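As a starting point, one isolated chain is supplied in structure tokens, in the form predicted alone.
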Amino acid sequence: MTRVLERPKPFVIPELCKGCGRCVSSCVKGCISPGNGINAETGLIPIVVDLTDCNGCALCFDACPEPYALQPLPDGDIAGASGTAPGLFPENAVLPAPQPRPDVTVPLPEREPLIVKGTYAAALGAILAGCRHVFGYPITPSTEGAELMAKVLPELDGIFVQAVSEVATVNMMYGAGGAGKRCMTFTSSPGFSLMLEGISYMVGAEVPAVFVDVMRGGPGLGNIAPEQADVKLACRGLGHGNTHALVLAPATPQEMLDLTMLAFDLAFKYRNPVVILGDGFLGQITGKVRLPRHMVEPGVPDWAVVGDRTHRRNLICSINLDEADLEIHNMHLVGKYRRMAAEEQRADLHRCDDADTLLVACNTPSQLAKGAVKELRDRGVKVGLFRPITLWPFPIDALLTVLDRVRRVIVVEASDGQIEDELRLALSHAGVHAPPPISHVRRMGGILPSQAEIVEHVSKLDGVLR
């Protein structure tokens, strides 16, 4: 007797259904229809299957994109037509755990120094850190970094995509970072503003990436000259929600390279975006840069969504529709921020051992402040420079080691007090409610504080206090 095998009919796994509707249009019998209920685990609306008229043509299986929410019913069991089919994921099934592939450090021969501008130095640092995926939209004064990547990456089996906008850029980075790829962008102040919503999504989904923001004058389109007015965005305004990212502030082309390499390590250490804040002068000025003695061949993290068998159940998502679940996730993020704040403070202290006047400055203004330190020291004034390399977290621990010895603090910056605000907030959180007098030297609109202005300000205060 010949046995007639019934063709398998579909059932839907709601947790895997995107609600794309491809299967709906493929079904000539009208057995599949759009759903009307949101799945609490995904925030999407899965389709609904009614097998009454199904003839098992299997066209819906072909139409369903990964991760294949439509599956054939085992042995024609119509009872499982909605939800997980019996025996598909048995309780005693041993599922392979995602296995990370570690990064590999590759030694490099010693080379002669290069003379390159800051944006090029950051691009070289990214390449040496293993970044092969760069997305961006041209914006002065950061464009040269992206241009160099566009030339070099195809020769390294990498990808550069000029997106249609900064909004598109950050979402491309979301996808690449979610796949465990080291990715980055170059942008400037107006473009960085447009990326903030996407950065918030990446923080929520714990997706690593590096954002190089070469700050320019604002608000609005402003101009293309240097300013430091994105500090509030990077330190306090990375989109909606409880968002934070490590913020690095290089002062030389060499640090643009070194801190870019560091940024990728930190991004993957914490599964979080990292922001590098430069300024228009630092992005364009040329300087001597020594290459490191190693480069990185990146591996594959265990959490990445890369499409192979062991990583197949990974999920990158910032949606938690249940209030209790979202609070738990926020508590996890806040715990991670606290670890960052405790472990990643960085600062450079220049002639601070005996200083009674402390200048606080970063980026290009710190170079001008260093010149003022030398000039004032030649006059017998005990001045030191405290240069925060991390703006978030602000390196308060290092500052407290010298604060008791100084009579006054002077913040030198190219903004209306955004760096001073970070300083004062860090002091308050550290319980320092009566610090030495704090004054400032500020310029805006693309003009940097000059060495002469700093010297004049200190001299006037020195005359008053003496």
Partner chain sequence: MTSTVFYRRFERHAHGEGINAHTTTYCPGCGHGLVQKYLADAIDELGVQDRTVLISPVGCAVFMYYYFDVGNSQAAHGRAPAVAVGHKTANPESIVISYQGDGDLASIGLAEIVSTAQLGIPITVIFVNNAIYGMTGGQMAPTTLIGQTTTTTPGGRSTLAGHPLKMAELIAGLDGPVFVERVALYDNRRRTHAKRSINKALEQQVTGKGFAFVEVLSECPVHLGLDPEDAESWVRDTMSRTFPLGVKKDVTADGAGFPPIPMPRFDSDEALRTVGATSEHPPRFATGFPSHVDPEDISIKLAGSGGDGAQTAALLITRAAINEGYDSTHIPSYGPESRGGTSFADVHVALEEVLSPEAPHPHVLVAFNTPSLARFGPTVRPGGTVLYDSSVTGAVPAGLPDDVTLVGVPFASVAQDLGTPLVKSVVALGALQGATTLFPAETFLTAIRAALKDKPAVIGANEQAFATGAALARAQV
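Positions refer to the first chain, counted from 1. Definition used throughout: the rigid core is the maximal C-alpha set that superposes within 1.5 Å between two forms. The structure displayed is predicted, hence computed values, not measured ones.
Just so you know, the form predicted in complex with its partner chain exists too; it's not on screen, but the next bit is about it.
K.L.:
Can you tell me which of 392-400, 331-339, 218-226, 267-275 lies within 4.5 Å of its partner chain in the model of the complex, counting heavy atoms only?
P.N.:
Result of the contact check: 218-226.
K.L.:
So which of P250, P388, G280, P208 reaches within 4.5 angstroms of its partner chain in the model of the complex, heavy atom to heavy atom?
P.N.:
The residue in contact is G280.
K.L.:
May I ask whether G237, A355 and P436 each come within 4.5 Å of its partner chain in the model of the complex, counting any non-hydrogen atom?
P.N.:
No, the whole trio is out of contact, none within 4.5 Å by any heavy atom.
K.L.:
With a cut-off of 4.5 Å between heavy atoms, is D404 one of the residues that contacts its partner chain in the model of the complex?
P.N.:
Judged by the heavy-atom cut-off of 4.5 Å, D404 is well away from its partner chain in the model of the complex.
K.L.:
How about F135 - does it come within 4.5 Å of its partner chain in the model of the complex, if we only consider non-hydrogen atoms?
P.N.:
Yes, F135 sits close enough to its partner chain in the model of the complex that at least one of its heavy atoms falls within 4.5 Å.
K.L.:
Could you tell me if G241 has a non-hydrogen atom within 4.5 Å of its partner chain in the model of the complex?
P.N.:
G241 lies outside the contact set for its partner chain.
K.L.:
Although its partner chain is absent from this view, report whether I285 comes within 4.5 Å of it in the model of the complex, heavy atoms only.
P.N.:
Looking in the model of the complex, residue contacts with its partner chain include I285, since a heavy atom lies within 4.5 Å.
K.L.:
Only counting heavy atoms and a 4.5 Å limit, does any residue of 162-199 reach its partner chain in the model of the complex, and if so which ones?
P.N.:
Counting only heavy atoms within 4.5 Å of its partner chain in the model of the complex, the contacting residues of 162-199 are V164, S165, V167, A168, N171, M172, Y174, G175, A176, G178, A179, K181, E197.
K.L.:
Is E453 among the residues whose Cα moves by 2 Å or more between this form and the one not shown after superposition of the rigid core?
P.N.:
Superposed on the core, E453 moves its C-alpha less than 2 Å between this form and the one not shown.
K.L.:
For L59, is the CA shift between this form and the one not shown at least 2 Å following rigid-core superposition?
P.N.:
Where the cores coincide, L59 still shows a C-alpha shift between this form and the one not shown that is 2 Å or more.
K.L.:
Once you overlay the rigid core, does the Cα of P437 travel 2 Å or further between this form and the one not shown?
P.N.:
False for P437: its C-alpha shift is below 2 Å.
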